[in-house]
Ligand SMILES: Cc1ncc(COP(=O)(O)O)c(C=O)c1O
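Next comes just one chain, in structure tokens: the form predicted alone.
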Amino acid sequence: MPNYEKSRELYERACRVLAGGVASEFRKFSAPHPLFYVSGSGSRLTDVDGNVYLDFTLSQGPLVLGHSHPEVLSAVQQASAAGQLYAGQHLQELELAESLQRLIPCAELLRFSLSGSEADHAVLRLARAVTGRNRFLRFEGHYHGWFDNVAVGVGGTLADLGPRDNPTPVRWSQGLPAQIEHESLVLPWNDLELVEQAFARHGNELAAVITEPVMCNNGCIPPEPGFLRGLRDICDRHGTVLIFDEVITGFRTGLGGAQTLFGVTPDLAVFGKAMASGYPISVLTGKKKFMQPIAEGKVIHAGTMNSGNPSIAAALATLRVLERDQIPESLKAKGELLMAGLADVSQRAGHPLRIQGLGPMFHAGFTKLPAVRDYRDTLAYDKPAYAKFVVGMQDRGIRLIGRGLWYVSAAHSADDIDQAIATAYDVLKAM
């Protein structure tokens, strides 16, 4: 068994100064307690107790090139030496915007922010301004940040959610304003018939439909054939803004995001995570018609830290490597090998995992369902069994995300993939 004593001592110390001992809610769910790390290199991460992990969390997705990529670190060092933050424009910001405009189908105009939550908030504000409507349609289990108006419909049990054709908008947090659930209409995903019915009743109220083009945050569920195209058609008929939240899919599924992969162009989109290899940045982007209110100052978007030199430099370097080395294609190939291997050894071990996703990111979990197509289906996953699996993998030197999402990076080698598969077999046999 690994020794976690130093991490335990630091966590107890942290609980005396940090609320919950962590800086983000999602960092609390580690066993036997949140761990403290000292370094990351390539596909490996080292904690304060000297334990080294083969890492498939990749800091919840941003580290698409792996830990401490030398080209990214060099670019950040040079940019920081020139100046950290100008509160004004600089050349690399313009160069990054031009690169993104070239790569992303909907990117006629862009604005940089720091986080996906901020950018999601801004695109919903834009949609309201352009349409003159107040509500938006979102899907159960999709994650669009932690701000108030999107903290409805993120989770809940089957009893909480109510009937499929008239779901209850479940609050995700205490402290939300009164009536916040009336800002959005929540539906199960991958069901165009329900979307059509909702628009028949509420179409003149809906400013936007916002969706993860792949439901990454719960189950890594791909859209069913025709679903995204159907959303595009419905929005066109009703004058509603279609928004893709590509914070996870962006630059992993392809340089143009999932909108390139699936051939459906939204009106507005949000990117983040893999864009800058772990440095804080996001981008809200869209067609000129929908971005023009920001350009004219009619819709306010601001931020003191926006376009800071280190983050812009990190994004430029990351995009350069992604494009030059055709990283999205290699991620897909590596991920598919890992998915197939995990499925095979889980069958042989007698604890079959359901594996689904696109390769660059995918989900693993224990369920008897023959298909998982929306958030309600994910509630059938045996979460205690998967938690036991995650602990077993961690104790054998492989770090995973507890909710079942796996990320693959450019730094993962063929030997890393083989090690993960072999270790999973050992853990599953021991369960």
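Sequential numbering from 1, following the sequence displayed. None of the values given here were measured: they were computed from a predicted structure.
Although it is not shown, the form predicted in complex with the ligand is what the next lines describe.
Checking 248, 284, 258, 126 against the ligand in the model of the complex, a heavy atom within 4.5 Å turns up for just one residue: 248. This chain appears without its partner; in the model of the complex, the one residue of 328, 278, 359, 145 with a heavy atom within 4.5 Å of the ligand is 145. Within this chain, residue 307 is remote from the site of the ligand in the model of the complex, having no heavy atom within 4.5 Å. At the 4.5 Å threshold, heavy atoms of residue 138 stay clear of the ligand in the model of the complex, well away from it.
Using a 4.5 angstroms limit between non-hydrogen atoms, residue 219 is distant from the ligand in the model of the complex. Among heavy atoms of residue 116, some come within 4.5 Å of the ligand in the model of the complex.
Residue heavy atoms within 4.5 Å of the ligand in the model of the complex occur in exactly one stretch of 187-195, 211-219, 79-87, 345-353, and that stretch is 211-219. Contact annotation for 262-279: a single residue, 273, has a non-hydrogen atom within 4.5 angstroms of the ligand in the model of the complex.
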